[in-house]
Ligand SMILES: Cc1ncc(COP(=O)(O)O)c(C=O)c1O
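The chain below stands alone, shown as structure tokens; this is the form predicted on its own.
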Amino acid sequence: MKVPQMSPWLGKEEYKAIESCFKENWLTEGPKTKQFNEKLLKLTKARFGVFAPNGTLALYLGLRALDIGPGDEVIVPDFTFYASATSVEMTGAKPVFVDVNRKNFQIDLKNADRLVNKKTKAIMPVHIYGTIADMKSVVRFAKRHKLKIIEDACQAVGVHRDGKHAGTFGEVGCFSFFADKTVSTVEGGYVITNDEKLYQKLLFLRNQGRIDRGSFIHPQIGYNFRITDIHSAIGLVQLRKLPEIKKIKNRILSIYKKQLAKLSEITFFEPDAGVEMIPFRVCILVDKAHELMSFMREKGIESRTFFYPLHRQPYFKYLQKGRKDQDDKYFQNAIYGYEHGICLPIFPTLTDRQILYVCDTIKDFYE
């Protein structure tokens, strides 16, 4: 049996929504994008939002709006997708890595004070695998060191903690609508803020340094970070599906947990107590993780490792020069996650038969 890692849940409703863009002869950013923005603001309860072509550029826009640039440093979890760090590099600033906890691999700040110096301007908590980091600790840390907060909430659309949506704890929050995300527009990004001055900066930055597209007078620096109504039409349909997506994904997770409960070799990724999660992946920590993935691959099952620690990425090796706080010994949990973590398939059209096949394959490996 073939079991892919993921498969976007796109169907007739999305096709019909795209068709309406052609019938209305409005393909660029227009009325559908306005509606999509309104729905997202209602979901997140943020005051302002702007779109970007993808999650990486959403992070870049957010950082630029916070005036992050050459000579600055931004604290970033060592355990996250590469783009969290490269978006910092795009501004001319440098990412400085901090370890994560071992329970759910969210940012861990208990030893982070040593990272702060006069160059440190911001901190980027990343809400990993469909839940939310301990933002009370992040906010306290940021206030103590007078840092700005930019949340990488690319994997946390629709997720709340303490009654607040991911991305609304700091100055800006950034989202991705890539094909594997909970809500997908195939490609797309989004930045939210409650600060009107930051919102004005975002408007100029994403639209060629102007507010109105028809004007050829550009008061500020800016670029083309717009999306299309085709993307937004898909996004509107996906948002309507969000409650069902949430229900289906949590049901899939419950099946995995029930089927694998008796295997002592497996520990499931868990959110903090009382914190919401819409599973982005089914994440497990296991013995012989890479051997198990090879075994599953032979059986036609696609899986993924946890993220490779950023401080070990070949490009970011240069950051270790002159900084002892970026050595392996400071990132034991991020390293452990990569060595022991596996992401199992989860997507709305995954069948019970496929789930049971994955579970039986894992049982066969350990038995």
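Residue indices: 1-based, along the sequence shown. In this text, all values refer to a predicted model and were calculated from it rather than measured experimentally.
The same protein also exists as the form predicted in complex with the ligand; that form is not shown, yet it is the one meant from here on.
Peer 1: Wondering, does Lys249 line up within 4.5 Å of the ligand in the predicted bound form on heavy atoms?
Peer 2: Output for Lys249 is no: heavy atoms all beyond 4.5 Å of the ligand.
Peer 1: So, Gly55 and the ligand: in the predicted bound form, are they within 4.5 Å at any heavy atom pair?
Peer 2: Contact with the ligand, yes.
Peer 1: Give a yes/no on whether Leu263 approaches the ligand to within 4.5 Å in the predicted bound form, heavy atoms considered.
Peer 2: Leu263: no, not in contact with the ligand in the predicted bound form.
Peer 1: Look up in the predicted bound form whether Gly188 has a non-hydrogen atom within 4.5 angstroms of the ligand, and give yes or no.
Peer 2: Heavy-atom contact with the ligand at 4.5 Å: present for Gly188.
Peer 1: Work out which of Gln106, Thr193, Gln238, Ser84 lies within 4.5 Å of the ligand in the predicted bound form, going by heavy atoms.
Peer 2: Of the candidates Gln106, Thr193, Gln238, Ser84, Ser84 is the one lying within 4.5 Å of the ligand in the predicted bound form.
Peer 1: Only one of these stretches, 67 to 75, 106 to 114, 146 to 154, 132 to 140, has heavy atoms within 4.5 Å of the ligand in the predicted bound form; which one is it?
Peer 2: Heavy-atom contact with the partner occurs in 146 to 154.
Peer 1: Using heavy atoms and a 4.5 Å cut-off, decide whether Thr33, Ser184 and Ile227 all contact the ligand in the predicted bound form.
Peer 2: No, none of the three is in contact.
Peer 1: Taking the ligand as it sits in the predicted bound form, which residues of 59 to 81 have a non-hydrogen atom within 4.5 Å of it? Please list them.
Peer 2: Heavy-atom contacts to the ligand in the predicted bound form: Leu59, Thr80, Phe81.
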